[in-house]
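Quick heads-up: it's one chain on its own, the form predicted alone, in structure tokens.
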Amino acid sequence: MTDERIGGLSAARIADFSAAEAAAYAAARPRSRAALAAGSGAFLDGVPMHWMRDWPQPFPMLVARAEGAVVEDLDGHVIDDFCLGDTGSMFGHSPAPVARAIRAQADRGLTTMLPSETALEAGRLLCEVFGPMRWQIATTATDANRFALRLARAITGRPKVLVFNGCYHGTVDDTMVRLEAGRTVARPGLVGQVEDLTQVAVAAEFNDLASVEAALAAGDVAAILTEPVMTNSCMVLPAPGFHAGLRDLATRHGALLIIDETHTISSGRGGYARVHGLTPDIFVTGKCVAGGMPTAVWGVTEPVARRFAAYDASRPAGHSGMGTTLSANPMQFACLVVTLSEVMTAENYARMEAGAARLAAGLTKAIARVGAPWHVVRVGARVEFICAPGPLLNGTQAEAAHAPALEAAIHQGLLNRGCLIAPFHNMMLISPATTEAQIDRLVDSFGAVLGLLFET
């Protein structure tokens, strides 16, 4: 029997490397292992959030401190952090202006269910950074997307959302669909799923305007919900003309265009839409928008706001199903204001962009040295290596390019060499705090891991 090949490598070679790296990781973390054994029983699945078990190492790394672009674990290992809370800390852990704002606001109240002058300043800054829209505040981008979809359905009178195969929009129920043999079906593995998602969602392929038009032709789509760049598995860039075509199709078929920049906020100040001149009807972003304080924002254009005002005036009195008690609290606004004005600056983005370009070039050279059939993709401060040839065109190709066993082996090898990257795919972020020395260490570590995997 011939050995399976994954990304140009023998599956047996990958398994042997993974086993050795897992053993090295475990041996280096006796305090973390002991603490987990003593304290993890209080949690479902042993961790406070279930996906904390999904990292490739044999047991979770317990973080003792996170600052700037490093984390330190319970066993004293100081690690260059390129995961950065998978975008939540894209501007670094606890940026100084945000830390100061938190300390100051803590003495003035945490939540009140009422606005403040700081909230009004946050609204002004949101318009300045992302564009002139009418804004609402949520706690997570999942919430923001869910509320945006309610609004879209309300003003169009239509039930469905169009999403792209392989999309990422948090845990919005309606987006948990995929394409199988050209048909929209629920994603496998959904826990406790009872609703028929095909009644509220339809999937199309990214970069395929014909599939979008076919889905819109039925006349039952309230909104197209899309990332500007697909980011959830293996990164897929938009083809030339795709976003212009999407805007045109949405307008012609009476659907609202929602741009979700929860990940592509890495593109530059104002996100991918502002940098590339996209014109969504509704804009959503979250994660790092308040410097790591749980916050999301969603905004609608003036015409959409007028349509919603007319709908809102005519609907029966009662709960809207939108909003949560702790959203739009004073701490969020304190952090939003300083992040938008002092952290999310053109200067910081320029630094991040330069660092990401350095990283992408270094990774590309390391891949070329071993002759791997892989490629590197970058969107602003966001960089990803993909263990397959590229470029990828859609979610189906991205799923096929995903190599979980190989990626897990590389992640484990990098962590053992002092570099942390995102756990579920091969994503790396550059923050304003990330140094050239850290970038070069990651490139060198990546090259060393590849050298061991591809050695003859």
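Everything numeric here is computed off the predicted structure, so don't read it as measured data. For every residue, the number given is its place in the sequence shown, counted from 1.
Another form exists, predicted in complex with a small molecule; not displayed. Remarks below refer to it.
The shortest heavy atom separation between H263 and the small molecule in the predicted complex is within 4.5 Å. Under a 4.5 angstroms non-hydrogen atom cutoff, the small molecule in the predicted complex lacks Q332 among its neighbouring residues. Remark: T142 counts among the residues lining the small molecule in the predicted complex, judged by a heavy atom distance of 4.5 Å or less. Interface membership of E227, defined by any non-hydrogen atom within 4.5 Å of the small molecule in the predicted complex, is confirmed. Only one listed stretch (243 to 251, 347 to 355, 168 to 176, 298 to 306) carries heavy atoms within 4.5 Å of the small molecule in the predicted complex, and that stretch is 168 to 176.
Between the small molecule and the residues N232, N207, S267, S89, the one pair within 4.5 Å by heavy atoms in the predicted complex involves N232. Interface residue among H93, K287, H375, R378 relative to the small molecule in the predicted complex, by the heavy atom within 4.5 Å criterion: K287.
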